[in-house]
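Take a look at this single chain, the form predicted alone, given in structure tokens.
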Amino acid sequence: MDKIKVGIIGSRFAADFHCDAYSRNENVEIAAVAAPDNLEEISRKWNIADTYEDYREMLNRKDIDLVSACVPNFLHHEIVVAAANAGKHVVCEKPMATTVEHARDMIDVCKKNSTRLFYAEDWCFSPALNRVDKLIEEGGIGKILYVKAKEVHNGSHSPFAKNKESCGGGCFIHLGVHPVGYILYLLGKGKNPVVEVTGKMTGGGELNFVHKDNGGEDFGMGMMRFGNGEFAFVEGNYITVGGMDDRVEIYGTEGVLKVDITLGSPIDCYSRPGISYSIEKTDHNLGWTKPAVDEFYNLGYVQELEYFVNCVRNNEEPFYGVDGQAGLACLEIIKAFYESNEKGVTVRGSWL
């Protein structure tokens, strides 16, 4: 089969790591990029021949097979719908949308057009967490009872992430969506529903701990209970300094697994003048640091996009966890967390 031709929509951080992942795949050609700005820089860096200021012009091309939507959250719905209507398979970054209604519409439109909607939950492809899957499968920790997971850092600089409407909320939908999504994949498997959620968060704006200019919360945590009885604790916040900190702990009847995804580098570096880069969202790179080794690979981006490309090449559906249904379930659960926080009650339902 000929190379899969990919079109990138967006030109900033997410677009850059999508380009990095696609560039490592011999079965992919990054054919074009569309964005209102930064086109010259990203096209030069990744040797992309064709650029478009209007993504709709790019979608009119017959040769584009797969589109990556690397744009602010509020644009996910618009772009996925446009890509599907143009007959393109599409990768959507997290969260899938800013509302449950938009997520449902995205699934329906893709189904109507026989195009695949890939939900980019990279934790499902992290090498460390894939190893955890194998250890669990072999019975290494017995039956899972409780999972604890978080993604936290010191806050986004994007004006769209700071705006509650364009983000869909605050740090919980923007960061907490990763642990929620991974735990759905780990414990839910599309069969074991979340039946209760209880959430606690800061109130946004002046009610935030640190980020008073954020419309949404800068701290969020919550408990989920699954239909089979397991509990899970999830956290997403913008109050953690020292770089992005992603961790998972899994407690079973016969053992425990603890995973440090982002700060687990085998390198310890001490530098008086400072180094150029260590990990995402770190405040500085002076003194002792833990410089990441192939950060995009260890976070799962490379394997994730390779898998989506292979689904297109082999005409296969994605597994639960990185499909539209899982992306929708994440939004439904996060919406329930927000409702729980606002009303001060546990919210009950059945979310898969």
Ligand SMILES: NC(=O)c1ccc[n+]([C@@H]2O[C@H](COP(=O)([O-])OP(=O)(O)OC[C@H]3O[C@@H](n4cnc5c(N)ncnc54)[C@H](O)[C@@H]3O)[C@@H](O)[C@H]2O)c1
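If you're wondering where the values come from, they're calculated on a predicted model, not measured in any experiment. All residue numbers refer to positions in the sequence shown, first residue = 1.
Keep in mind that the form predicted together with the ligand is not shown, yet the notes after this line are about it.
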Revision key, fill the gap. Note: exactly one of 117, 194, 71, 124 sits with a heavy atom within 4.5 Å of the ligand in the model of the complex, namely 71
Revision key, fill the gap. Among 34, 30, 64, 322, just one has a heavy atom within 4.5 Å of the ligand in the model of the complex, namely 34
Exercise for review: Decide whether residue 258 counts as a contact residue for the ligand in the model of the complex under a heavy atom distance cut-off of 4.5 Å.
Suggested key: no
Check your understanding: According to a 4.5 angstroms non-hydrogen atom cut-off, is residue 159 in contact with the ligand in the model of the complex?
Key -> yes
Review point. Might residue 12 be said to contact the ligand in the model of the complex, defining contact as any heavy atom within 4.5 Å?
Key: yes
Review point. Applying a 4.5 Å heavy atom distance criterion, does residue 188 contact the ligand in the model of the complex?
Key: no
Check your understanding: Can you pick the stretch from 207-215, 263-271, 132-140, 174-182 whose heavy atoms fall within 4.5 Å of the ligand in the model of the complex?
Key -> 174-182
Point to revise | Those residues of 284-314 which, in the model of the complex, come within 4.5 Å of the ligand by heavy atom | key: 301
